[in-house]
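Coming up is one lone chain in structure tokens, specifically the form predicted alone.
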Amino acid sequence: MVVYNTVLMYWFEWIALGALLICLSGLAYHMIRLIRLGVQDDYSARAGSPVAGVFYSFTGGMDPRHKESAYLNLPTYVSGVIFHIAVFVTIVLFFLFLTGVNPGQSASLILSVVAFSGAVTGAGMLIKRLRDPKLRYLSNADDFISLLLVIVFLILAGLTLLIPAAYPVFMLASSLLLLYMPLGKLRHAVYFFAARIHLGRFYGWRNVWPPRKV
């Protein structure tokens, strides 16, 4: 539970704010670059609705039962879901801390469990990537750096909720993560949405998505 001054910003908060602005600028660059590339022309005869395809891409298309890579690796899929939920929650916490909002003791305990759960699942995915020969072969330094930065981010968030003295370290770790985000694979925070829109439009145009009931 953070109890820092809510009026004056500390030096480590200014660093975090600066890193946030740089991160947002970098992600905006990637987004503008995608927009400038435009939408690829499809010269096939339109058979379905691209809009319906995009909607399905973000709804039913995310169902693990419809994704071979997911239903054949359910433990990893569930770990990934827990990991990403914890990351989203911790990002919200970062903004709450930066604005001096105190989540309260009871909420802090619950949120710390979420953050630590994400760190544990993230560590599990990191170990799997190291131990599995195929995953290790497909991995590069960026994969490990990205995972480690997020795991540390989650651990320090959980500690900050329980031990206020960890707050400056959390803010510095957050700054490092934010600065790296536009440079490494963490920028998939932007490209994920672009990829799903592309898939939805592609298969919606061909009337493959959403799938027809038989």
Partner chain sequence: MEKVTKDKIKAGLEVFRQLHDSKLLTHLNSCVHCGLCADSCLYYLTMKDERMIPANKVDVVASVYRRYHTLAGRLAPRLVNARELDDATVEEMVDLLFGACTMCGRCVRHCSIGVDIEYVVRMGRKILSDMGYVPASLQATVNAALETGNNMAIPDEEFLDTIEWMEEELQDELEDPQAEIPVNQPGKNVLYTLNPREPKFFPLSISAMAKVFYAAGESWSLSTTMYDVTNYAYFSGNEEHGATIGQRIHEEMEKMQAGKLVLAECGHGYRANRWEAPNYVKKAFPETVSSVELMAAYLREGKITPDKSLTEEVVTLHDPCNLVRGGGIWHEQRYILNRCVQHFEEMSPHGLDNFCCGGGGGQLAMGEYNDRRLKIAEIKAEQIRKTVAKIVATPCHNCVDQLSQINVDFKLNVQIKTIAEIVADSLVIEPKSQK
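Rigid core: the largest C-alpha set superposing within 1.5 Å between the two forms. All figures in this text were calculated on a predicted structure; none of them were measured in a lab. Numbering follows the first chain given and starts at 1.
Unshown form predicted in complex with the partner chain; subsequent notes refer to it.
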Classify S44 as contacting or not contacting the partner chain in the predicted bound form by the rule of any non-hydrogen atom within 4.5 angstroms, answering yes or no.
yes
Heavy atom of L135 within 4.5 Å of the partner chain in the predicted bound form
yes
Might Q40 be said to contact the partner chain in the predicted bound form, defining contact as any heavy atom within 4.5 Å?
yes
According to a 4.5 angstroms non-hydrogen atom cut-off, is F192 in contact with the partner chain in the predicted bound form?
yes
Quick check: do S25, A52 and T99 each get a heavy atom within 4.5 Å of the partner chain in the predicted bound form?
no
Based on heavy atom distances of 4.5 Å or less, which listed stretch (112 to 120, 73 to 81, 86 to 94, 99 to 107) is in contact with the partner chain in the predicted bound form?
73 to 81
For the stretch 167 to 189, return the residues whose heavy atoms include at least one within 4.5 Å of the partner chain in the predicted bound form, in the order they occur.
Y180, L183, K185, R187, H188
Could you tell me whether the Cα atom of D63 shifts by at least 2 Å between this form and the one not shown after core superposition?
no
